[in-house]
Structure formats: structure tokens, C-alpha cells
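A lone chain, given as C-alpha cells: the form predicted on its own.
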């Protein structure tokens, strides 16, 4: 477990450093119309990097347990992990076509149906209202354009 924690912490720090570098390509300060486009990605990445450093320090301070090390993921836990992870990879791969809102809604609906086994009314309500709320927050209030994908671009702007 200790090695997995260390590896995961290093992965978080490296990923956050990449995200910070990309966020700094955008304005991160307050602008005339609100926070710059890089404000939230920058501070979110700083928070992830900070947490990664804390996990790294904790993993290095904990002594290695004697004997066989406990696996990071138990063998029976791989299936539910892959059920959640592989659709997420598919949505990210199709983000240019689906956009973040439709892709997020599909992922959320699929997760609620196949993993959570929630009632269909809850699935429809949450998988529509949550992306709609995020759309209003990012696109309307913060004026931060997010990837909309071909479908939403066509529906909203006719492009």
C-alpha cells in the first residue's frame, strides 16, 4: 500500500504541475468581467498538488509493514473499478464530439443505472439537471467556455 500511495501521490503532483502549466497560459487574475479563464484551473491544480504533496509526505513517513504488503486494489475490486473507469475514459476520448455536458450526462446516467441501480426518474433528473446547472455556472455566470462538442454546438449555435 505504501508504494501505491507514493506512486499515486507522485502522479497527482506531476498531473497538477502539468495542469498548472496549462492554466498559466490563460489569465488567472481577476479581469473586468470576473475571474480569468485560468483562475479555476490554476487554483484547482494548486489544491491537487498540495494534496499530492501531503499524501507523498505521509506515505514516506509511514514505515513499511513487515511481511507481505497489502495490495492497493484487492482482486475482487477490479471489476467495479473498471466499470467506473472505462466509461470515463470513453467519455474523455469522445469529448470533442459529445462535449463535457452531454458526455458528463451520459456518464452520470450510465453510472447511476449500472452501478448505483437508481430509479429511472432519479437518473433522468440528476443526469439532466446537474450538467444543466454546471452549464449555467460555467457558461453564463463565470463566462468560461467549456468544450460543448459537436452536438451542443449545433443545438446552441447552429454550427
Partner chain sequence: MDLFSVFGNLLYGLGVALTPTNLTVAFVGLILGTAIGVLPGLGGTNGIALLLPLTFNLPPTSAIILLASVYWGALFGGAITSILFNIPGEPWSVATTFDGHPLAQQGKPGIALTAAFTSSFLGAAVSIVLFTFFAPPLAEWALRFGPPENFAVLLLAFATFTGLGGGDPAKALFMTGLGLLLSTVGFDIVSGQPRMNFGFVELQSGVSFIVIAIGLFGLGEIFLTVEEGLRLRGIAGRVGFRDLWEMWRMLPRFWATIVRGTILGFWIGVLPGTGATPASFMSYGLAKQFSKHPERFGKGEVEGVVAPETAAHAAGIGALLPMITLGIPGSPTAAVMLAGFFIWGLNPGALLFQTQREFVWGLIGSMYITNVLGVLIVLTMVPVFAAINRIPFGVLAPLIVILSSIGAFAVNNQVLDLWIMLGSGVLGYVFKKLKYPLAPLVVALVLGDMTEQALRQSLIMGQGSLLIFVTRPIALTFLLAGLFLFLLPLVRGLRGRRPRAPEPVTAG
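Nothing here was measured: the structure is a model prediction, and the numbers come from that model. Rigid core: the largest C-alpha set superposing within 1.5 Å between the two forms. Numbering follows the first chain given and starts at 1.
Not on display, but discussed next: the form predicted in complex with its partner chain.
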Give a yes/no on whether residue 151 approaches its partner chain to within 4.5 Å in the predicted complex, heavy atoms considered. no
Going by a heavy atom distance of 4.5 Å, is residue 100 a contact of its partner chain in the predicted complex? yes
Wondering, does residue 118 line up within 4.5 Å of its partner chain in the predicted complex on heavy atoms? yes
With a 4.5 Å heavy atom cut-off, would you call residue 33 a contact of its partner chain in the predicted complex? yes
Residues in 2-17 that come within 4.5 Å of its partner chain in the predicted complex by at least one heavy atom, in order, are 4, 5, 8, 9, 12
Quick check: residue 147 between the shown form and the other one - does its CA shift reach 2 Å or more after fitting the rigid core? no
C-alpha of residue 38 moved at least 2 Å between the shown form and the other one on rigid core: yes
Once both forms sit on the same rigid core, is the C-alpha displacement of residue 28 at or above 2 Å between the shown form and the other one? yes
